[in-house]
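The chain below stands alone and is given as C-alpha cells, in the form predicted on its own.
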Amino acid sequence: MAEYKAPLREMNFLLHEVFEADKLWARLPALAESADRETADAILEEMAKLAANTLDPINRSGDEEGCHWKDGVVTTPKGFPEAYATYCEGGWGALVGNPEFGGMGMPKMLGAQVEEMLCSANISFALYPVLTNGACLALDAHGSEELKQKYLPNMYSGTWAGAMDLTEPHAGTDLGIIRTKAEPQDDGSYRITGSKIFITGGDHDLSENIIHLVLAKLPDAPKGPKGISLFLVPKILVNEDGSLGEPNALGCGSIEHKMGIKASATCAMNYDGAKGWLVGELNKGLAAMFTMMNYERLGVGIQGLGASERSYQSAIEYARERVQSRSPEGAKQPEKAADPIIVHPDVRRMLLTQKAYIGGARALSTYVARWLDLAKFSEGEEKQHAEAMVALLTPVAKAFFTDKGLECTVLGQQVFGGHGYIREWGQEQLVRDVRITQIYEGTNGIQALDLIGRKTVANGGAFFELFAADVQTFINAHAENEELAEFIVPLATELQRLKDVTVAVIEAAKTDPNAPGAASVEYLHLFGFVAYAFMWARIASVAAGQNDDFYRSQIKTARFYFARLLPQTRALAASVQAGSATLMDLEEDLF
C-alpha cells in the first residue's frame, strides 16, 4: 500500500479559493482573532505530518492485532497509546473546543479537514478522539457550568476521553424504548442501572479516565423519546479538587469481534448503580444528543471520504506501476513487456470515479462545515438559516459520503485485481473498515428517511428551498459565462429535476403514508449527486482559465463527473416517482 500523503493542495484550494474561509472567519467575532489563513495552513501541515508519520504506520498492525479484553479491561494494539500521547501533546483534542475551558475555538471548516486526515491515516485510531469531541460538544452545549468546569479541560487535553452510550440490545434506531434507568439521589446525582452495546471507546488504555454520556430514563418518565434524559457517568469518580477518586460502578462486559475497525474498542457496557449527573434538562436528552449528532454524522461521512482518499492514493500508485497488456492505442512503453494498467479505459474509469467522488465529498464536507460554523458563531436570521441548512444537509453528508466511500474502496480494490483481495496490499482492510460507516450513527436508510421525512416533507420543502436558492444564486451569477456553460447548464437542469421530484414526493405523502419511505434512499442519492454537481461547478468556476496542472486536473475531473456520473440522476428520479405500490404490494408470506 502507498504511504499516505495528505492532499494539502486540494484542502487549501477549497478552504481559501473556493469557499474563501478567511473572509467568513474575519466577519465572525468569535473567529476573527484566532482563525486566519496562515494559522489554518500551519495546522493542516502539522496534522499531515502526524497522520503520515505516526498514525498511518500503525494502521495495518492495529487491524491485525486488534483490541484485547481480559477481566473487564480493554487494551489497545501496540503503538496506539504512544500515538495517542503524541496526538494529545499536540493539543489536537482542543482544536474546535470552547476557549473558556481550554479549547482553541477553531472553526469546523478547519476541523473537517483535520478529521479527514485522521480517518485516511487510521480510522480506528480516529474514533477515540472523535468520540471525545462529540461528548465535549454535547457537554459544552447542555451541561451545567459546574460540569463543564470539572470535565471539559481534561477532555480537551485528552487526559480524559469521552464516549457516547446510546444503543441497547433491543433498542437501536428506536431509542424511545431504552430500559437503562436513572434514579434520583438526595445529593443531586443519579443512580444509573442498565446495559449498552456497540459503545465506541467504552473502555481502553489510552486515557486516565473515560467520561460516558449515557441515555437513560427516570422511573416516572413519559413513554417514548420524550422520556429520555442524558447523564454524565465517569469511569472513575472525580473528587471535588479535580483529582481521581474511586472507580464508578460500571464496567466493560466484553468487546465485539468485528468485520473492520478492529483497533477501535467496541464495548458492551454495564451500569450497576453507577453515579451520574444530569446533562441538560430532564426528559430532553435526545435534544442534547442531537447537538452532537450533527457534528458526528458529518464526521462519519468524513470517515467515508477518508477511506476513499486512502484507497485512491494506493490505487493510482499501483495503476502507474503494474504492467499488463498493451494500450488500445498501441504500445506506450515499447521497451517493456506491457504497458502500465492506467492506460486502459476501464482502469481509468475506476480511478476517475474515485477522484470525482472524493473531490465532490471534500467540497461538500467543507460546505456543510461552513454552515455548522455559521450556526454556531452567527446570530439572528443568519443563524436560523444556517441551522436549517445543517439539518437538511447532515443526512446527505453522512449517507452519501459513506455509500460512495464503500464504492470507492471497492473500486480501488478492483484496480488491484487479485492483489486487492489479499491482506498484503491493505485494500481489503479499507473495504472492511469503511463498511461500518454506512451503519453506525444512524444507518443510511434512517438518514434517507430523515432527509425526506423530517427535513423535507414535514416542513413542506422549506429547508430544501434554502438549498435550492443557494444553488440558483450560483447559477444566476455565472449564467453569462460561456466558459462555464458546460457545467452551469446541466446543473440548472439537475436542480430542476431535484425540485420536481421533491414536490412530487411531498404531494404523494398527502395521500400515501408509505410515499416518503419508498422514495427515501433514491431521493437521498439524487440529492447527493446534485449537491456534488453544485460543488464541482463551484470548483470549476475557480479553476477555469488557469493553466496550472492542478487547476487543469480539477476542470477535467469536473467534466468526467458531469458526463459519466451525474446522469445517474435520471434513473434515480424515475425510481422515486414510481411510488410505493410495487414495494408494498407483495404480501409478507410471499417474500
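In this text, residue numbers run from 1 along the sequence as written. All of these numbers come straight from a predicted model, not from anything done at the bench.
One more form of this protein exists, namely the form predicted in complex with another copy of the chain; it is left out here, but the text below deals with it.
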Residues in which of 90 to 98, 461 to 469, 134 to 142, 249 to 257 have heavy atoms within 4.5 Å of another copy of the chain in the predicted bound form?
249 to 257
Since only the chain is shown here, I'm wondering whether Gln438 would be in contact with another copy of the chain in the predicted bound form (any heavy atom pair within 4.5 Å).
yes
Though only this chain appears here, would Val489 touch another copy of the chain in the predicted bound form if you measure heavy atom gaps against 4.5 Å?
no
4.5 angstroms heavy atom contact with another copy of the chain in the predicted bound form for Phe198
yes
Residue contact check: His419 to another copy of the chain in the predicted bound form, 4.5 Å heavy atom:
yes
Within 4.5 Å of another copy of the chain in the predicted bound form, all of Lys262, Asp346 and Thr582 (non-hydrogen atom):
yes
Of Gln384, Asn481, Ser325, Gln185, which one comes within 4.5 Å of another copy of the chain in the predicted bound form, counting heavy atoms only?
Ser325
Among the candidate residues Arg423, Arg454, Lys226, Lys78, which is the single one with a non-hydrogen atom no more than 4.5 Å from another copy of the chain in the predicted bound form?
Arg423
